[in-house]
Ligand SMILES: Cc1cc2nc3c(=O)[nH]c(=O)nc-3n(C[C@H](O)[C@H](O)[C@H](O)COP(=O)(O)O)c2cc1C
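Encoded as C-alpha cells, the following chain is the form predicted alone, with no partner shown.
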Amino acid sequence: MVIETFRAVAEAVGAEHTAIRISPEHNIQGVLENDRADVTATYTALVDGIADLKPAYLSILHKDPADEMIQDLRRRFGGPVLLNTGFGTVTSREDAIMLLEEDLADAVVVGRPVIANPDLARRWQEDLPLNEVDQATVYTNGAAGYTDYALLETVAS
C-alpha cells in the first residue's frame, strides 16, 4: 500500500516533488522490527518499488548509517539519500561532517538543532554557540518552541 500511495502522489504532483522517509529498525511506540531478514526484505521492496520514479530524495532514520542494509538501500535508490542518526542522541556538527566525509549520505537531516537554531548553518559554519532545545515545548500545541528561538545578532563589519 505504501508503494501504491507513493506512486499516486508522485503522479499527481511529480516525482521530483515527492520524497519519503523510512525508519528501519527504529522500534518506538510499540512498533518493533526485530526480524532483520523481514526488515531488509520489507524496505528493499519499498525502495525498489519507487526508485524508478526518481523521487526528490529518500530520507532514512537509522542509528547506524554505515550499516550494510542502509547502504544497500542507498545504492538501490540511486538518488539523493538524506540520513538522520536517530532520536537517542542529537546529531552534532561533527557527526554531520563525518557522515558526509565518509560518504555515508548525500545530506544529513537534523531536527532539534535546526528547530532551536533557525540560523544553524551560520552557527555551524562559524563554530558559534547553539541554543538548547526547550524540551517542555516539544510536541506541544502552538508556536512556542518552534518559532521563537533567538537568532544570533548580526555582527557589524
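Position 1 is the first residue in the sequence shown; the rest follow in order. Just so it is clear, the model here is predicted, and its values are computed rather than measured.
Absent from the display: the form predicted in complex with this ligand. The rest refers to it.
At least one heavy atom of residue 89 is located within 4.5 Å of this ligand in the predicted complex. For the chain shown alone, residue 109 is a contact residue for this ligand in the predicted complex, at least one non-hydrogen atom being within 4.5 angstroms. Taking the partner from elsewhere, residue 113 is found to have a heavy atom lying within 4.5 Å of this ligand in the predicted complex. When contacts are judged by a 4.5 Å heavy atom cut-off, residue 61 counts as touching this ligand in the predicted complex. Of the candidate stretches 90-98, 48-56, 64-72, 32-40, only 90-98 has residues with heavy atoms within 4.5 Å of this ligand in the predicted complex. Looking at 1-38, the residues that come within 4.5 Å of this ligand in the predicted complex, counting any heavy atom, are 21, 23.
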